[in-house]
Ligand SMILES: Cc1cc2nc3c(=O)[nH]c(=O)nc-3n(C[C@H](O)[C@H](O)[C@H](O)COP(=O)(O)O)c2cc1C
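Okay, so here's just one chain, in structure tokens, the form predicted on its own.
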Amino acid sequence: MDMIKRRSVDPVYSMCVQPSFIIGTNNEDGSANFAPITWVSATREGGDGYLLVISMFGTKKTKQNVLRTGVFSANLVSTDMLPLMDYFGSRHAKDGRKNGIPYSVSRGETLDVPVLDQSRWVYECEVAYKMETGDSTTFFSRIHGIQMDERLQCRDTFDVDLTVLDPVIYSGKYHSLGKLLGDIGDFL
């Protein structure tokens, strides 16, 4: 096996491969608010439970809404949703409703949260606990419901074909997936 040649650089690079989600929250007046968040992961709670982990920086309305209501939707962004993600990311709720481009919204199936109809995978979450780090708040949230594209035929927890979801991957720039390479154990 050939050794990869690397070089040392200053720790200023923030390359961390992250899925892209649009977080949906309820404003005080009941209207929907959406913002793109890429600091999203999952961790295991006791038993079979998973917590969705999201971190939000600053004082954005979406973060304030999650702190106030304790619930949100996490709408996976597919490549066809990039214009919507860019739009939500370049507009601020303090400037008024984000309705400059067309999109449709439904209510969650298990929680009272706004859900983007375009999203192929949606988590409906309730905050279990939070942690403050500087200007960021990390929310550890119980997943109360998942809505998935009906084209997915999952046999078990890890049998999700991401090529069907066509997710946007963020690492400072937008990327997409290439192809399904195989299952765990296929390369032993």
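Residue numbers run from 1 along the displayed sequence. Being a predicted model, the structure only gives us computed values, none of them experimental.
What comes next is about the form predicted in complex with the named molecule, which is not displayed.
Engineer: Which one, 124-132, 34-42, 143-151, 159-167, holds residues whose non-hydrogen atoms are within 4.5 Å of the named molecule in the predicted complex?
Structural biologist: Within 4.5 Å of the partner lies stretch 34-42.
Engineer: Given that the partner is absent here, does Arg107 sit within 4.5 Å of the named molecule in the predicted complex, heavy atoms only?
Structural biologist: Although the named molecule is absent here, Arg107 would stay clear of it in the predicted complex, with no heavy atoms inside 4.5 Å.
Engineer: Please determine whether Ser55 contacts the named molecule in the predicted complex, using a 4.5 Å cut-off between heavy atoms.
Structural biologist: Looking in the predicted complex, residue contacts with the named molecule include Ser55, since a heavy atom lies within 4.5 Å.
Engineer: Going by a heavy atom distance of 4.5 Å, is Asn26 a contact of the named molecule in the predicted complex?
Structural biologist: It does not: once the named molecule is placed as it appears in the predicted complex, Asn26 has no heavy atom within 4.5 Å of it.
Engineer: Might Arg97 be said to contact the named molecule in the predicted complex, defining contact as any heavy atom within 4.5 Å?
Structural biologist: Although the named molecule is absent here, Arg97 would stay clear of it in the predicted complex, with no heavy atoms inside 4.5 Å.
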